[in-house]
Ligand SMILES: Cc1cc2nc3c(=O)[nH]c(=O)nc-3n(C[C@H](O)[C@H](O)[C@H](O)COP(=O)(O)OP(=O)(O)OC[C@H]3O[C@@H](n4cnc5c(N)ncnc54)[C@H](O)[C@@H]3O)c2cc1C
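Quick setup: one chain, the form predicted on its own, written in structure tokens, and binding and motion questions come after.
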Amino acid sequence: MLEPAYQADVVIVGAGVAGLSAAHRLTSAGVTTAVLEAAPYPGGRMSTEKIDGFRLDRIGQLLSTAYPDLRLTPSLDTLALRPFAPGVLLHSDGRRHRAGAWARPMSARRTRGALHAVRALASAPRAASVRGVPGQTSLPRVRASAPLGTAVDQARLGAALARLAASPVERLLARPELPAAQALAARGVPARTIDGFLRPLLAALLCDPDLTTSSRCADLALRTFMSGRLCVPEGGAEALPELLARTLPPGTVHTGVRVTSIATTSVTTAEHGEIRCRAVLLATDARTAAELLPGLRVPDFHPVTVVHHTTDEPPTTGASLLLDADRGGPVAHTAVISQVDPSRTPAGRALISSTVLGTPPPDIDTAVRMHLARLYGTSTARWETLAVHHTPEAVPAMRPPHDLRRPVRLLAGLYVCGDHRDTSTVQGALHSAHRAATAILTDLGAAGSLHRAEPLRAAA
């Protein structure tokens, strides 16, 4: 028989972003919490490999300065974020086009101005400039083959995105739900605008180049894009979970602990036997959660491969996120990430990080190099490959119907959180943790700790 080795109010299984965020909310309320992680380090999928002074993200999910829970989660107010250049760069027909640089919150007055601009362009399509278009003093005439279409297409797109930015989240969630590609077409968005801008942008935001994602989730992603700046954590993706873990009370996080079963008042581990508690929060990835709790839904996943190169002669795109509007190769988006966050590279070296979505090609490095040569307009023959990280189950798919507020309370004493219970983003993981912590505190009805945590010890 294994003797109980630890007692706490709440045991959290999984030290990813969701589990660590929930731990902060619980400990801030005076509830003793033990976070158990099977891996030798916290962070889950937000991990960073260190090679010869380089910091290489394994998945490289993009963050946004508009994510509410980056501001609302205890301790994350000190997280250093490194923003990309405004908007994105689109590669189309051998040329690069700046798009979305107008993305910022818009007042109702500016939204009406954008709509007036659409009507003005429709009546005078040859006008060289139009007042009132969001974030611009003029709109140059654009070739119809450009990724944003004509000037009228651009103004309509700006107005549509402005409406999304000004719409309450509840209104977006009440819209009819379709796959994103069908919803955009049904709204009258031109096919060239979808394929030239919205598809590559949503692929970067949601890892879904086929736009099978729920239109509600796509609307939320575009709303966030309009309301903030795309960014990455300074020092690598692991900086976010490391900050959460470091600022928890000492002894809260325990790595290298494998949980083999869970109940409402205990968990059983391979290393420390049974750990008794008043509530259990399952904060692992979706597949691991279903293994510990049969019956939980396991979604489909979007595979993600990140390829890291270095060179001493960086491309001249600056701190921009470069998207391939032509879908002319395996790379969905790429960036000279050292221009965005210099702390990720040794002095004198550039780091280029590129994302491949879906099943990677057999000779991925050669295919990616050839594609990057076209995207950046420079030879990649002398670039050094640092790492290729392939994650088959990187991002949970959000195909319709998708419940953005999947229950986090399964029954009294047993809870679950993670990006598979919300949106498949860091914001979704943080928000699901907020909901789960709130449910636990409500059920416990305790303002303070009921147990004094003791160090874990090996089972007899």
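Residue numbers here begin at 1 and follow the sequence given. All figures in this text were calculated on a predicted structure; none of them were measured in a lab.
What follows is about the form predicted together with this ligand, which we do not show.
- Interface residue among L184, C207, L351, A239, judged by heavy atoms within 4.5 Å of this ligand in the predicted bound form: C207.
- None of V259, L157, A332, I275 but one reaches within 4.5 angstroms of this ligand in the predicted bound form through a heavy atom, and that residue is V259.
- The candidate spot formed by A38, A394 and G418 is fully in contact with this ligand in the predicted bound form: every one of the three has a heavy atom within 4.5 Å.
- Contact check for L322: every heavy atom lies farther than 4.5 Å from this ligand in the predicted bound form.
- Heavy atoms of R58 reach within 4.5 Å of this ligand in the predicted bound form, making it an interface residue.
- Mapping the unseen interface onto this chain, T213 falls outside it, with no heavy atom inside 4.5 Å of this ligand in the predicted bound form.
- Contact annotation for S424: at least one heavy atom lies within 4.5 Å of this ligand in the predicted bound form.
- Look at 313 to 321, 74 to 82, 282 to 290, 219 to 227: in the predicted bound form, residues with non-hydrogen atoms within 4.5 angstroms of this ligand sit in 282 to 290.
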